[in-house]
Ligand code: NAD
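Only one chain comes next, encoded as structure tokens, the form predicted on its own.
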């Protein structure tokens, strides 16, 4: 969490309330000059071959790996996730770099087409300057997943990390800038005011990861200039548990994916639909597992769940929880008052689709379990949302589950697993959870201008 003045962002440990560092706020009036420097730097950066840019970026992996514990501990201090998760995020980011570089280079290789009269080369060229705005919940990994393909494609980047995690964002930029020419990657700090100024500046492409509401504002603002926009937005991810599912397997996933990072994950399981015949056993299995959680300072050994990122985030979650109780939801475990920014992991049952909590994104540690009579009702309710990021179906019959998955409106559906796909799969949302996408061959190409050059055959 942070406190702000007109000149600095002070990062505050959400578990202790103690300051851990600060960064200077970028004056809005200077952002056009930052973008101008990026545009000037892009001339030389874009003139390099894709292979040359990739080789310049390869040392990043070892640099992140060497500092993974330090970066992870910074994430724990700045946004609260337990030490093992923070260090794990940094180590995972390092491990992804080599494969990502190879994948992006392969995706951006020119393609050759011809017919009887014409020979055409299809190129994936840079747009120019890319503005990247990233969230606080995965404050190192999220910048990498958007900045890296933008850079390899030959764009220069102006990064605005979340005001909740400016120190981690700065650490990310500092490592990458050890290997990049001046002006290729610049960072600005601030809140929504700086974000709006970046979107309205002379950038060619905007890549944003965050809430649906902010994504809508970005799209409206960028529309006047017909700027290219890639939006990875929030979700209200459903999980369907069919009557032939392995209940232990389903309960393990439900608990992990509902409460991971205190539910502060875009693909957290926020709605669980369980067929009536197995609902009692499933609910009991979930409640038993939640009872093993230890909520506390993420830096302390044994902690399984840290604080919410900020007081504001805690208040939003508790407000949803209180409304759900007023509308008739049953608290089956949790809802224990906690001081500071901590929220007790909570399981709600007795739910119906008239309740607000079955529609609004929670982004907090609340698992909502609703009973359904059959799979048809489950998929109908799962699709009763403007969101469409991830989903999961648990069943002992994978063909049955796959058929049901194709009826769902989410962009990514996992069967007896989370929604992430095999290596090379894009990260893609449907409906109002995504506008464009990233990752995989087709996602990498969204950071480029497709250009064809054609000559007649002699």
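Numbering follows the first chain given and starts at 1. Owing to the predicted nature of the structure, the values given are computational and were not obtained by experimental measurement.
Omitted from view is the form predicted in complex with nicotinamide-adenine-dinucleotide, to which the following refers.
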### Message
Between nicotinamide-adenine-dinucleotide and 42, 124 and 203, in the predicted complex, does every residue show a non-hydrogen atom at 4.5 Å or closer?
### Response
no
## Note on the structure
Checking 266, 317, 185, 290 against nicotinamide-adenine-dinucleotide in the predicted complex, the residue with a non-hydrogen atom inside 4.5 angstroms turns out to be 266
### Query
Among the candidate residues 275, 163, 283, 89, which is the single one with a non-hydrogen atom no more than 4.5 Å from nicotinamide-adenine-dinucleotide in the predicted complex?
163
### Message
residue 232 versus nicotinamide-adenine-dinucleotide, in the predicted complex: is there a non-hydrogen atom within 4.5 Å?
### Response
yes
### Message
residue 394 versus nicotinamide-adenine-dinucleotide, in the predicted complex: is there a non-hydrogen atom within 4.5 Å?
### Response
no
### Query
Quick one: is residue 85 in contact with nicotinamide-adenine-dinucleotide in the predicted complex, heavy atoms, 4.5 Å cut-off?
no
### Query
Closest heavy atom of residue 366 to nicotinamide-adenine-dinucleotide in the predicted complex, within 4.5 Å or not?
no
## Note on the structure
Here the chain appears without its partner; judged in the predicted complex, the stretch of 216-224, 169-177, 251-259, 93-101 with heavy atoms within 4.5 Å of nicotinamide-adenine-dinucleotide is 216-224
### Task
Go through 374-392 residue by residue and record those having a heavy atom within 4.5 Å of nicotinamide-adenine-dinucleotide in the predicted complex; state none if no residue qualifies.
389
